[in-house]
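Heads up, the chain below is alone and in the form predicted alone; it's given as structure tokens.
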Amino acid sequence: MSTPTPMLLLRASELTGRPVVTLGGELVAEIKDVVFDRTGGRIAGFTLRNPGLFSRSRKDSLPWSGVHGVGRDAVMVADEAVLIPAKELAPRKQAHKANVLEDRVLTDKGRDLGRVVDVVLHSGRSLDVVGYEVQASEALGTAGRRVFIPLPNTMAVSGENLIVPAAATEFVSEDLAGFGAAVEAFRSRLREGTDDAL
């Protein structure tokens, strides 16, 4: 029996400034911001800026569907044809809603776990949101420290609050390196609960 491959995790903030490069090696742009699909728990895409010290925001953006791969040093695209107008990825009126930083994380029982300081992504076939790095509240017993809270495959949003199942508190981690195992254990627990209900 083979051992499962550990999740490759990274913080969304680590993507900021990463170059966008074509498969032919041409530098196209740099990642400015990550745009989240709050309701789907996925990355919608990226806003861009021109490369360089005094770079400016670009009027085009990179949708997730246009990403060929995310490497340690760059985001790969087939060519510049995958870029779309920025307003199509995140219309101005909706752009602020796409940002989850500073949102409160609450359990489905109303317990305040803290505020989001970063988003944890799983870099696999897609770039999925698997957890939040939060400035913990007193409810977690680690008030003021940064901890990682796993997310289910789908997440709920209520106004400016992000809702997680109460069981997530059993899988809180203080270490990103071991957080992948916590995410998998948490999601396995949720699946078992669903199976028991059938």
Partner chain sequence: MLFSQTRKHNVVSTATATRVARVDGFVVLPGPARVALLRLGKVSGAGTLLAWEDLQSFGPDAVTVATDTVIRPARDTVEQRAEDNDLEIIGKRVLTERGMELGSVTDVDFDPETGAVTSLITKAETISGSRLIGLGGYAVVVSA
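Since the model is a prediction, treat every value here as computed from it, not as a measurement. Numbering follows the first chain given and starts at 1.
Another form, the form predicted in complex with the partner chain, is not on view; read the next lines as being about it.
(request) Report whether the minimum heavy atom distance between Leu9 and the partner chain in the predicted complex is within 4.5 Å. (result) Flag for Leu9 set to no.
(message) Is Met76 near the partner chain? Define near as a heavy atom within 4.5 Å, in the predicted complex.
(response) Close contact exists here: in the predicted complex, Met76 approaches the partner chain to within 4.5 Å, heavy atoms only.
(request) May I ask you to state whether Val172 is within 4.5 Å of the partner chain in the predicted complex, using heavy atom distances? (result) No, no contact at 4.5 Å.
(request) Decide whether His68 counts as a contact residue for the partner chain in the predicted complex under a heavy atom distance cut-off of 4.5 Å. (result) Yes, His68 is a contact residue.
(request) For the heavy atom contacts within 4.5 Å of the partner chain in the predicted complex, list the residues of 11-28 involved, in sequence order. (result) The stretch 11-28, when checked against the partner chain in the predicted complex, contributes Pro19, Val21, Thr22, Leu23, Gly24, Gly25, Glu26, Leu27 at the 4.5 Å heavy-atom cut-off.
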